[in-house]
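In C-alpha cells, the next block holds one chain alone, the form predicted on its own.
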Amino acid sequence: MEFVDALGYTAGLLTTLTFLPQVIKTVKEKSAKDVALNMFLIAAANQILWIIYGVLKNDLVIILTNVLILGLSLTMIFLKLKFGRSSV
C-alpha cells in the first residue's frame, strides 16, 4: 500500500469516527431531542453523492468512507425519528 493510500484510509477512518460519538450517545440516552434532523438528512444526501463520485472515479477510499458515514447518518435519522421527542 502506498503512503497516499494509507493517508486516505486514515483520513476516511477519522472522518467516519466524527459521527460515531453522536450515535453512541443517542442510543445510550434513548433521546435525540437536541439532534438536528436536517443535518443528518443533508449528510446522507452528501454521502450518496460522494459514493457515486467514488464509483465513477473508481476510488475505494472515497467509497468505503462514505458508505460507513452514510450508515451512521441513516442510523441517526432512524434514531431521531424514534427518540426525537422523548427524553430519559
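Numbering starts at 1 and follows the sequence shown. This structure is a prediction, so every number in the text was calculated from the model and none was measured.
Heads up, the form predicted together with another copy of the chain isn't pictured, but that's what we're talking about next.
When contacts are defined as a non-hydrogen atom within 4.5 Å, none of Lys28, Leu37 and Phe78 contacts another copy of the chain in the predicted bound form. A residue is said to contact a partner when one of its heavy atoms sits within 4.5 Å of a partner heavy atom; Lys57 meets this definition for another copy of the chain in the predicted bound form.
Using a 4.5 angstroms limit between non-hydrogen atoms, Ser73 is distant from another copy of the chain in the predicted bound form. Taking non-hydrogen atoms only, Val4 approaches another copy of the chain to within 4.5 angstroms in the predicted bound form. Contact annotation: Ala11 falls within 4.5 Å of another copy of the chain in the predicted bound form, judged by heavy atom distances. In the predicted bound form, the residues of 45-63 lying within 4.5 Å of another copy of the chain by at least one heavy atom are, in order, Asn46, Leu49, Trp50, Ile52, Tyr53, Leu56, Lys57, Asp59, Val61, Ile62.
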